[in-house]
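Laid out below as structure tokens are two forms of one and the same protein chain, each shown alone and named structure 1 and structure 2.
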Structure 1
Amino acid sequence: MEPFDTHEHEVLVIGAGGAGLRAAIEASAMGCSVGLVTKSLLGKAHTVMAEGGIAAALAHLDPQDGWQTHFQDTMKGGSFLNHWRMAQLHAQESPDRVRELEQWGALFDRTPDGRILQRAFGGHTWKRLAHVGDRTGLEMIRTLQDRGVHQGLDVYMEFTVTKLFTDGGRIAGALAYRRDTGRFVLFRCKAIVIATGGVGKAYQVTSNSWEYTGDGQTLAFEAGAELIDMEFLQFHPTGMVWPPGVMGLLVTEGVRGEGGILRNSKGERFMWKYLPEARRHEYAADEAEARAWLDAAVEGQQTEARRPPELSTRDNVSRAIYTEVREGRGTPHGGAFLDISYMPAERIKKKLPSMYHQFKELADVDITATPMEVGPTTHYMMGGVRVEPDTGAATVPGLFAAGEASAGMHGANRLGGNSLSDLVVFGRRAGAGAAYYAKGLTATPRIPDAEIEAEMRGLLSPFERASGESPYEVHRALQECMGTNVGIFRIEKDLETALATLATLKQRAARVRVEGGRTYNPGWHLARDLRNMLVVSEAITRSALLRKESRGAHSRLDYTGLDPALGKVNMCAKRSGDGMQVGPTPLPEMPAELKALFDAAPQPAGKAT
């Protein structure tokens, strides 16, 4: 057998972003031996890309805010496909998690009287996002890392986990390899927390970095767990579109939260045309009211003016920009203009320092003097591993998930800022759930040598082939397939084409050839990542094909309306032999006391500040 190293922990956390770090901190605090595995380096988490803020009903600027309104906004934003219990826990516990970060050393922006400052974001009724300029995720990772390192976590950097093992249906451990040497490592454990993030690298235009290849979703799926809501993939409305080398790089929603205006090539402020009729009353009726809202926000004052149309939900803004471009009103490089240059230059540099430097250094654009060019970019997966809300437990005993790799919290569309609070609320709960489960087991489960050997042999097979195409060719074909057929707008014919193409790509991926050694070999890494991306791509496509309606981030041109029956089910993907079975499962029903929040008489249209 190929030699391998062995490490043993009670709880293994895979992924070192906000969710993984918070889970590891909690499990460690409960007295468990914790191993934290990251595909990249500690600190290189995708959480740092969440720039605009963390959503929590602290009510520092808008005293009317509370968990009930945050809960309502989250459910409405998710088209009521959210798991009500997750949305409730999130809204209730987010303020405590923000205050906890503050106690651990996070340096949030402040109001003149010293409270945590909050800004507006799309879909939120009140100013709710606590922030650190436009570098909130970076500050959060710094804070959690410091806390975790001082707790004595065992951190394994540049390790790729390729398989989860089970014993009698329960989690028993995981196999990984070191990216720097190629040496295999076996982790024996009692519980595993999946916190590996999203799936964006299955698409060419994405805000996601190279780590986001659907690893956690596929590991869980192949271990027998269920995936739900995979058709709901969020396209962030504002990514860079020029130059080509940075296409898709995120432009924070904080730009619009600070007053950024979207215009087309004709100079028209177009978002008013795309506001959903049912929610039009929540937004400013004209330029004057939008300006009154902004003036009050800049001064930190309350106002009866309603929020600007640019602060509509992300799915709606993405579709609007895409439509403007498709109908010939796009910018020279195929996007829309996002303009904040009418604001004082010093305010822009203070509030949006990362965006100022990002455009200056990468596009030679001074956003204090010139509009930005932006367009939709693949950003966030609302779907993922089905979990029990209170503990983060998946449908496989001993397996837990949190953050973007899990599902249920955001429903059909995530509101901006809810991702960071999701990470700490459910990262904490998943870590506690895993620790409690691990402490209940008297012995570490067993892993047969034959299963370990078979996985290692499969991983090394690309080196042994005398012929075969490059994994890069298959990856390019996958990204083209998903971008063309399973993008912002979908139709049945395209989705069926995608499924046929994915079947062919799966065969091609099984025959790829890799040259060179195992030390830092990106071709070998990609050969394994392809398997993950093909699994999640198939789950996205099959789920999108079955959901014959348009809801949240899932838009069907052949089924443009909402289907009430489909609003009561999640599309669930689970393993069936060597294949995938996808079908509807009932959505948990919301209790009467929470339904009453939506049945209450609506507030005056001018409530949103």
Structure 2
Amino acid sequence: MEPFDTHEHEVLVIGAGGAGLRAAIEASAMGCSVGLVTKSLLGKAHTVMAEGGIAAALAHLDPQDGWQTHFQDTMKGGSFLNHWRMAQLHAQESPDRVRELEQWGALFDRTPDGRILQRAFGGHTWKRLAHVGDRTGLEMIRTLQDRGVHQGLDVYMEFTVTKLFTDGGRIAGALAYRRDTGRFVLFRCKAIVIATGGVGKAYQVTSNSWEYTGDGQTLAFEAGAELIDMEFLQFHPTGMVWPPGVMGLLVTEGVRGEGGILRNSKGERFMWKYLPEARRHEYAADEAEARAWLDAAVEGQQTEARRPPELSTRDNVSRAIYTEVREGRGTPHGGAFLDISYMPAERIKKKLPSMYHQFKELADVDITATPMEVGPTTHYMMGGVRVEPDTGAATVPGLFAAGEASAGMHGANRLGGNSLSDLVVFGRRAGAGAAYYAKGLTATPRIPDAEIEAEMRGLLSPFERASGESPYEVHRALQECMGTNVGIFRIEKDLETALATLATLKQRAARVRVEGGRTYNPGWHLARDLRNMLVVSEAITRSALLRKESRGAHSRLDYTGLDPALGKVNMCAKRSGDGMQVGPTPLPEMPAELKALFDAAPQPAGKAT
């Protein structure tokens, strides 16, 4: 048998972003021996990319705010597909979690009276986002990281977990390899918390890093857990598609608010064509009127002129860009031109400084001189491991999940700012749940040697093939398949095509060949991550096929309306044999007192406090 190291912990946390760190801190504070495994170095997780802030009804600026309003906002944002209990817990506990971060050393921006400053954000009724400039995620991860390492966590950096073991249906441990040496490591543990983040790398245009390959979802799925809401993948309508240096990076809506014009490759300002008839009267009739509105906005004056068509709703803008590209009027790199360069350069620099610097520094693109190419970009996975709201327990005993890897909190669509608070609220709960479970377990579960050996053999097989494709080829094909067929707008035929393609890709992925040795070999790492991406891609596609309606982030061109019956179910993916079974599962019923919050008209109902 291939040699391996063994580590033993009561609780193993996979993923060291906000949720993983918070879970590990909690489990360790409850007296458990905790191992924290991360694919990257500590503190590099995707949490650092979060800019806007952390949503919590602290009511520092708007005293009317309270958890009820935050709860309502979250449920409405999620098209009521959220697990009500998660949304409730999140709204109730996030203020405590924010204060806790501060007590652990985080330095939030301040109000003039010396309290935590909050800013307004889309979908939130009141000013709710505690923030640190535009680097809130970094502040959060540093705070948690330092708290964690001083609390005595054992951190395993640059380890990739490839399999979870069960003993009589209960979690027993996990196998990992060290990315730096390629050596295998067996973790024996009683409970595992999955906090591995999202799935964005299955798509080519994404704001996500290489780590986001759906590892946690796949590990849980293969261990027998259920995945729900996988069809809800948040796309942002304006991400950069070109140049490659900034592909997928978000372009804030503020660009359009400042006068950004969307054009196709023929130079046509196409948004007028896509205004829904019912709301056409809200928008400018021609270029002159749009310009008049903009001039007035620049001067800060009132005007009779109506808004430019680019300020239509997000889904509508995405639909428009998508259609233009599909019909052959896309830019050379498959997007639309977003042009603000006709505005005075000084004004652009003043109103959009971060955008200006982002492009100038990272891409050498001067947005005051050249139009940007934009298109929808994969952003956030609402779906994931189905968990019990209070403890984060998955359907497999001993398995817990939190953060983006878990599901239920955000329903069909996530509000900005709710992800950072999700991480700490449910990270803490999952950590506590895992610790509680592990403490209650008397016998240490066992792992059969044969299973360990089989997994190691499987991992090493790409080295042994004399010929075979490069994993990069298969990855490219997967990204193309998902981008083309399971993108922001879906249609039955495409989804069927995707399923067929995924089946062949699965075979290709099983036959890839890897060059070189086991020491820090990214080709080998990708060969393994491919498998995970294929599993989550299949779950996304199958769930999307079943949801024959357009709701939240899931838009079907063949079913454009809402289906009330589908509003009462989540799509649930579960392993059956070697395959995947997807079907509807009823949404938990909201208790009457919470339902009453929505009946009380008019909204917003912050007065409920």
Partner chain sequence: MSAGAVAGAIAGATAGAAAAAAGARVKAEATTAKREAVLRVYRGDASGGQEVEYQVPVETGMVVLDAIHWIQAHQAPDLAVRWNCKAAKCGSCSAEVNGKPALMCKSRMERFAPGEPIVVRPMKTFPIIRDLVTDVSWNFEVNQRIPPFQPRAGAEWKWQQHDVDRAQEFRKCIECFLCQDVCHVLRSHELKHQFAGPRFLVRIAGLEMHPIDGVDRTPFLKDSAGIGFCNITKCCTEVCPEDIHITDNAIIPLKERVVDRFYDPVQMVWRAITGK
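Being a predicted model, the structure only gives us computed values, none of them experimental. By rigid core we mean the largest C-alpha set that fits within 1.5 Å across both forms. Numbers follow structure 1, counted from its first residue as 1.
Here the chain appears twice, and structure 1 is the form predicted on its own. Residue displacement note: residue 79 has its CA displaced by under 2 Å between structures 1 and 2 (rigid core superposed). After superposing the rigid core, the C-alpha of residue 273 moves by 2 Å or more between structures 1 and 2. For residue 464, a C-alpha deviation below 2 angstroms is recorded between structures 1 and 2 after rigid-core alignment. Relative to the superposed core, residue 294 moves its CA by 15.2 Å between structures 1 and 2.
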